[in-house]
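Before any questions on binding or motion, here is one chain by itself as structure tokens, the form predicted alone.
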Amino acid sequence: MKKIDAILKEIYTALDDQSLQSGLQRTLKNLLPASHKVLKRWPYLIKLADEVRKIREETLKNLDYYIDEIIKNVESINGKGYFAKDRHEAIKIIDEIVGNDRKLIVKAKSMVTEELKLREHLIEKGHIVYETDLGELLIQISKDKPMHAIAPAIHMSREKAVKLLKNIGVHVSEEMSYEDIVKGVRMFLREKFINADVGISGANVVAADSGATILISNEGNIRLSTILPPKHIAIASIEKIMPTINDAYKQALVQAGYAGLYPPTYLSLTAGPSSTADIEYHRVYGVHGPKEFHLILYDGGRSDAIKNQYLWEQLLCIKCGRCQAECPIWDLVANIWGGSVYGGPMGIVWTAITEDIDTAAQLALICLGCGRCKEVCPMKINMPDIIRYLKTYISKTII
């Protein structure tokens, strides 16, 4: 358990970190108005968010049923479905799929794989692993933790990013424009995509009626990571389940909109391995895309959280990260105020669910209780109320 004095020490250090402060403040100038502009231009997203909340509430009441449906339906599209109760089970499944021989693995950004410490585990097993989201690649190089749900390197200045990229052989320099830096990363990663043995992704949503996953991206790395390697492993936490493909698309649109990146450049649906039926309509699996598709549904404390009268509501979260940008504490130190994976208002509660409630309760003591997180949340999650519960929890343990 991380205690309040250690948390405060990290926060004070972050406040004195000029590089972090510079990167964070530059990013916030762009991040804060982004979702406001999107919702003003496409107001139907607000109504859609209300609809998505109602569907998700009902889905959580029947989660066991939907988990069974997904695994059955993934098998019906020639994929393989799994359920992992905890990290140990998830890692065991992934190790069996990847195999023992050294593999080149390309990864798409995924918070659930951060929970699993999957990249670190695979490297320890002897595999070569590259994060392919630029922000997450910077996190991998710096051995830091993601600082935002969708923009993990939000705290890094341009100068620091260049320095890190040069360390792994990306041909960039401080004099380059943003565009040329990105071009350098593109050239560096392209060879990894082509030669990768395994592609690993998360999933923004999973549709129970088909076992299909939906992924949102702007860089294009997710499509390359999930299509070019011969094996695709998708790992999704169980609260990402929606009953139908139609529902799943609605949630994906809401997430993209409230993240301020709308319309998303890419919205990718994956339903099994690549296939063709161009010869006598006989379906053959494994064409230009992966020959194997594996979907792992990960619990990681969610089933227990459903039974808690306060924590259950956080499972409605679609991880758009809007509450983080609106929080006055997060704006100063980003996910430094958080657990090992998640930070900010949503991160405190996710820490209670996925790590331990004692650490989350200590983190909750920093919260000002202003309530801005609830006001901007597309799911209207009552985070101030949940955080008050965590503060009450710690006061009872002291007494």
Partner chain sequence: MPLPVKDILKMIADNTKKYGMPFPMPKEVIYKWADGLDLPKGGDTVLFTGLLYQMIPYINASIKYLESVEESKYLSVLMKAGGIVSVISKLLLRVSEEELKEQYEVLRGIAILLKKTGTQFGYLYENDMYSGALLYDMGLDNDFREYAVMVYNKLKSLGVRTLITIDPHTTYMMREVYKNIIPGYDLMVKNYFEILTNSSIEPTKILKESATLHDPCYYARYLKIIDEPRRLLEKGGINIMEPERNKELTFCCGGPIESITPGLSKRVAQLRVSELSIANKNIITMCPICYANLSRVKPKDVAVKDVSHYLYTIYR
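Bear in mind that the values here come from a model prediction, so they are computed numbers and not experimental data. Numbering follows the first chain given and starts at 1.
The discussion below concerns the form predicted together with the partner chain, not included here.
Chemist: Examine Val38 and determine whether its closest non-hydrogen atom to the partner chain in the predicted complex is within 4.5 angstroms.
Modeler: It does not: once the partner chain is placed as it appears in the predicted complex, Val38 has no heavy atom within 4.5 Å of it.
Chemist: Counting only non-hydrogen atoms and a 4.5 angstroms cut-off, does Leu332 reach the partner chain in the predicted complex?
Modeler: Yes, Leu332 is a contact residue.
Chemist: I'd like to know if Ser22 sits close to the partner chain in the predicted complex, meaning any non-hydrogen atom pair within 4.5 angstroms.
Modeler: It does not: once the partner chain is placed as it appears in the predicted complex, Ser22 has no heavy atom within 4.5 Å of it.
Chemist: Please determine whether Pro328 contacts the partner chain in the predicted complex, using a 4.5 Å cut-off between heavy atoms.
Modeler: Flag for Pro328 set to yes.
Chemist: Of Ala34, Ile366, Leu48, Leu60, which residue is found within 4.5 angstroms of the partner chain in the predicted complex when only non-hydrogen atoms are counted?
Modeler: Comparing distances to the partner chain in the predicted complex, the residue within 4.5 Å is Ile366.
Chemist: For the spot marked by Glu375, Pro384 and Lys391, is every residue within 4.5 Å of the partner chain in the predicted complex through some heavy atom?
Modeler: Verified in the predicted complex; spot residues all in contact, yes.
Chemist: For 1 to 19: residues with a non-hydrogen atom within 4.5 angstroms of the partner chain in the predicted complex?
Modeler: Residues within 4.5 Å: Ile4, Asp5, Leu8, Lys9, Ile11, Tyr12, Leu15.
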